[in-house]
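In the block that follows, a single chain appears as structure tokens, in the form predicted alone.
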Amino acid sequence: MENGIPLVADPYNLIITGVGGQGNVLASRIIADMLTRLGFTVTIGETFGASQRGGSVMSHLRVSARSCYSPQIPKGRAHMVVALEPTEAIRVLKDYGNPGVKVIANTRPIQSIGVICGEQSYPTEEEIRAWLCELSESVWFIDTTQAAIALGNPIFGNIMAVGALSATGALPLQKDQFEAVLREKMSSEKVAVNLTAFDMGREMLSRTQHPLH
């Protein structure tokens, strides 16, 4: 059922990516619930790679006002990638990127066991920034991990990413919908801190008024 709210593309293809333990799946389901409240149809496809050990986790969300689409986004067709871990953004863009894709990337890395053991190397922040700029139309770099730690727990980084996404205007994500979804999913004592995390994400993105190209 159409709701009269326009999408910049229909379906709008959003990928949220990170590693196990970052709250990727919760973030994707909150976004889907927010949009469903507005009358959109949202399908979610999730992939997990040893997620309990810090492996890759990727959620595909396809948002439409008129139809239900396959949960798997076709290669090269993502409109937005929200990365809770920076190198996961590169991994996703390799397959699903295109010249028009936009990216929100947390700058704080989570190194794999291979990197910690010295068997692999992790790119520098400068290299990551250069590659993401090359692989996308524009990219916002924000340190949600640092802000989340300051708020009390790094897990809030996923909610800050939802807030940052709402501030781009790419999807009609508003705070009142967010709060309504929270009150269904969480106990009342957790709602206030998550609303603060949402606002912090919006503020971080707004301070990066001109994404890098």
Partner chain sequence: MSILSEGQSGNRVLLMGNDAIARGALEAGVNVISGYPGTPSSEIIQNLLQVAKERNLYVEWSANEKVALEVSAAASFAGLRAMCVMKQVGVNVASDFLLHLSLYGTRGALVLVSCEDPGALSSTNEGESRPYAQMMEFPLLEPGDFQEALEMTQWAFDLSEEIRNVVMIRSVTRMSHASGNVVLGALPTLTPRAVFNHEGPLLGQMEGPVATIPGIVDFMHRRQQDKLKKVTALFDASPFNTYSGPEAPDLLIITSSVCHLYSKEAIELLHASHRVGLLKLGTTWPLPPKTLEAALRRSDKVLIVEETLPLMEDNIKAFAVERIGTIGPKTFFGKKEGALPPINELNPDCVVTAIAGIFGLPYEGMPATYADRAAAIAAKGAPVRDLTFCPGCPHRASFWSIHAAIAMDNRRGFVCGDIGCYTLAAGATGFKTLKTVHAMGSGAGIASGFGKLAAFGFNQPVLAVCGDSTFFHAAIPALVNAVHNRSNLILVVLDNSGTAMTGFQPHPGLPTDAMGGNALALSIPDICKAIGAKVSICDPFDLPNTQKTLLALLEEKDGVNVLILRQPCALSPQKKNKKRFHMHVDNTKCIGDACGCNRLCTRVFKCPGLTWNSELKSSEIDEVLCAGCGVCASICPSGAIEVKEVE
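Residue numbers count along the first chain shown, from 1. Quantities reported herein were computed from a predicted structural model and do not represent experimental measurements.
Below, we turn to the form predicted together with its partner chain, even though it does not appear here.
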Residue 125, heavy atom within 4.5 angstroms of its partner chain in the model of the complex:
no
Distance check, residue 40 to its partner chain in the model of the complex, heavy atom within 4.5 Å
yes
Is the gap between residue 141 and its partner chain in the model of the complex 4.5 Å or less for some heavy atom pair?
no
At 4.5 Å between heavy atoms, is residue 150 in contact with its partner chain in the model of the complex?
no
Near its partner chain in the model of the complex, with a heavy atom at 4.5 Å or closer, the residues from 85-114 are 85, 87, 88, 90, 91, 93, 94, 95, 96, 97, 98, 99, 101, 108, 110, 111, 112, 113
